[in-house]
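Before any questions on how it binds or moves, here is one chain, the form predicted alone, in structure tokens.
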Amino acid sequence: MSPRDEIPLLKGLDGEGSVQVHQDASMKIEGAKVFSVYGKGGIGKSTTSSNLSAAFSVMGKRVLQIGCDPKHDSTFTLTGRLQPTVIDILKEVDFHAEELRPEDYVATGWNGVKCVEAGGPPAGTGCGGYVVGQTVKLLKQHHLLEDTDVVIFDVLGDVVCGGFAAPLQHADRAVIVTANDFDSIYAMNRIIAAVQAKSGNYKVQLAGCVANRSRATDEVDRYCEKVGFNRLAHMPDIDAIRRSRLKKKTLFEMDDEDDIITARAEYLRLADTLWRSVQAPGSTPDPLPDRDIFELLGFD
């Protein structure tokens, strides 16, 4: 092998400068509509994902939610408890995946939603992309994706490295959860760029954003109008969402109150919008350079 052969090709793979490995074609998720949920850390992605999964199930869809965070709390409100992670279960069998059964790593949550917590490597070691890959591999081996209509990946924080961009290799549409503030929108801008880098080689496209935990949406809407993005839904900052976490329930399990009924309706509307979005062209915004975001939303 010549020295030239050892130089990685940095252009045209998974984004400019990327040295990521392409997804194995055998790991492609077929049949189900796949959504990846991204956003700034602490913005409410797990709450959004779980209520969205519940909404899809109310629509009669067979749903699988995959948490991609070492905290493994993505499916907490669907199952009422923290689930063991795929990576921890694999460690217990010395990574002999053939020894595992579906019930070892898949739990059934509210209204039949299937719940998996991929987990992640210890801090500072390994790559989250490996964990996502192993999780999808297990699901394929046990034929669990064949009886699924919707897969939702709930992805860690605003990390846009290769590892936690791995769900984008499987997704039809990416959804970004944001708040009506500068930091959240700044993170959204970076995630938009990451998704568009992936879309050159994978089927993933942007669906739009969800304004979460916000009374107003003026800053989100101003950004969306500037770059050509879609706001799909608005989840106001209501106390019922905080209480749902304390009660270990989704909003769909809680007692009927006016704000809860309104929020459920918005999640159902979002689920319907996303279901139909896969048949339509995705959103193609133009992310802003950092300086332009500061001029649009930042300091005077």
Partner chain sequence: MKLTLWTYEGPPHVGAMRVATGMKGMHYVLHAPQGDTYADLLFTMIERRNHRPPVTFTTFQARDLGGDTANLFKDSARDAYDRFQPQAMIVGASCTAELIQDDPGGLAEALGLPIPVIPLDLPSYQRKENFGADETFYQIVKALAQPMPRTEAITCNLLGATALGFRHRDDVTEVTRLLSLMGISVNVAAPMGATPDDIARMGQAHFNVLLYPETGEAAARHLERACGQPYTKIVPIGVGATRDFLHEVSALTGLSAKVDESGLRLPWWSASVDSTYLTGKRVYIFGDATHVTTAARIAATEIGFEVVGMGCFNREFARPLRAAAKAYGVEPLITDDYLEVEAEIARLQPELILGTQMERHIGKRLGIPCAVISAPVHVQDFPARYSPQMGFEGANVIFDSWIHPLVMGLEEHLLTMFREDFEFHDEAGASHHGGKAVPRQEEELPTYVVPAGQDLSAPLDRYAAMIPDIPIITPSGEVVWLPDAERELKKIPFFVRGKAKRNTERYATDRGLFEISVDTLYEAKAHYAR
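Residue numbers count along the first chain shown, from 1. Keep in mind the model is a prediction, meaning the values are calculated, not measured.
Quick note: we don't show the form predicted together with its partner chain, though the next part is all about it.
Contact annotation: Gln141 falls within 4.5 Å of its partner chain in the model of the complex, judged by heavy atom distances. Taking the partner from elsewhere, Asp88 is found to have every heavy atom lying beyond 4.5 Å of its partner chain in the model of the complex. Contact annotation: Asp218 falls outside 4.5 Å of its partner chain in the model of the complex, judged by heavy atom distances.
For Leu100, a non-hydrogen atom is located within 4.5 Å of its partner chain in the model of the complex, even though that partner is not displayed. With its partner chain omitted here, the record of contacts in the model of the complex names 143 to 151 of 143 to 151, 205 to 213, 170 to 178, 67 to 75, defined by a heavy atom within 4.5 Å. The candidate spot formed by Val93, His96 and Asp104 lies fully in contact with its partner chain in the model of the complex, as each residue has a heavy atom within 4.5 Å of it.
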